[in-house]
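We begin with a single chain expressed as C-alpha cells, specifically the form predicted alone.
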Amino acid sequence: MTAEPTEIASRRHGAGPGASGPARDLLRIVRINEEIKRVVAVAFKINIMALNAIFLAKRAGNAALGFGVLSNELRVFSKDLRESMMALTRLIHDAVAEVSVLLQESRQDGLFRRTADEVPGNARLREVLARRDGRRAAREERIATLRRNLRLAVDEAARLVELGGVLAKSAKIEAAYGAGFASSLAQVSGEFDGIVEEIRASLDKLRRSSFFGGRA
C-alpha cells in the first residue's frame, strides 16, 4: 500500500507522538496543504459545471435567464476561489521552508548544548549558542507571522465560500422557473450546492487545525 503524504512527512521528520514543536508543525502544515489541494480540485469542478449550466440555460431560453446569470457568477466564484487557494499555497510554501530550517537548526542546537555541557566554561561555545538563540527567536517570529497570515487567508477564503453558497442556493430557486428545463436545472443547482458545502467543510476543517490552536 502506498503511504499517504502525511505519513511520509511524519517518517521523514520524526513527527511521532514524542516529536518536537517544529516537527509537529511541519506535519500540520502538510495536512493543511492536502486540504487546500482538495479544495482546488473541487473549485475546478465548479468551473466545468458552471460552463455546462450556462449552455443548459441558453437552451432553456428566457425561462432560465436568471439561472444563466447565476451560473456565470459561479464561474467567477470558482476563479476567485482558485486564486485564493493559490495565495494560501504560497504561504504554505513559505511556512514549510521556515519550519524545516527551524527543525534542522533545533537538532543542531541540541548538539551544541550537549557539547557545552561536556565542556563547561568555554566562552567561544557560549557565543555561538547566543547567536543561534537570536537566530532561532527571529525565525520563530517569522513563523508566527506566517501562521497569522495563513489563518487570515483561510478566513478570507471561508467568506468567499459563503458568497458561493448564496449563489448556489439562489440558482436552486431560479431553477424552479426553468419551465420544461426545471428538472435539469434543479439537478445542476443541487450539485452546485453540494460542492460548495464540500468546500465549506474543508475550510472549517482548516480553521480547526491544531496549527492555529484548534484540535483538528
Partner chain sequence: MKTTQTFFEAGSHKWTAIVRDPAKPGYLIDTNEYLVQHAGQGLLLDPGGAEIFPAVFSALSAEFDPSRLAGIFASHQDPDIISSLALWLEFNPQMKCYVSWLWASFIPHFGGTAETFVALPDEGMAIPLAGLPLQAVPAHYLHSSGNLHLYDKQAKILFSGDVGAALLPADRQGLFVEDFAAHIRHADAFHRRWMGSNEAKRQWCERVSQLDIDMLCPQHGAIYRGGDVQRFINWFDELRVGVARA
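From a predicted model like this one, the values you see are computed outputs, not experimental measurements. Positions refer to the first chain, counted from 1.
The same protein also exists as the form predicted together with the partner chain; that form is not shown, yet it is the one meant from here on.
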If the cut-off is 4.5 angstroms on heavy atoms, which of these, 100, 72, 115, 89, is the one near the partner chain in the predicted bound form? 115
Is residue 136 part of the interface with the partner chain in the predicted bound form - any heavy atom within 4.5 Å? no
Would you please decide whether residue 144 lies within 4.5 angstroms of the partner chain in the predicted bound form, comparing each non-hydrogen atom pair? no
Considering only heavy atoms, tell me if residue 93 and the partner chain come within 4.5 Å of each other in the predicted bound form. no
Within 4.5 Å, heavy atoms only: does residue 132 come near the partner chain in the predicted bound form? yes
Sequence-ordered residues of 120 to 134 touching the partner chain in the predicted bound form, heavy atom within 4.5 Å: 122, 124, 125, 128, 131, 132
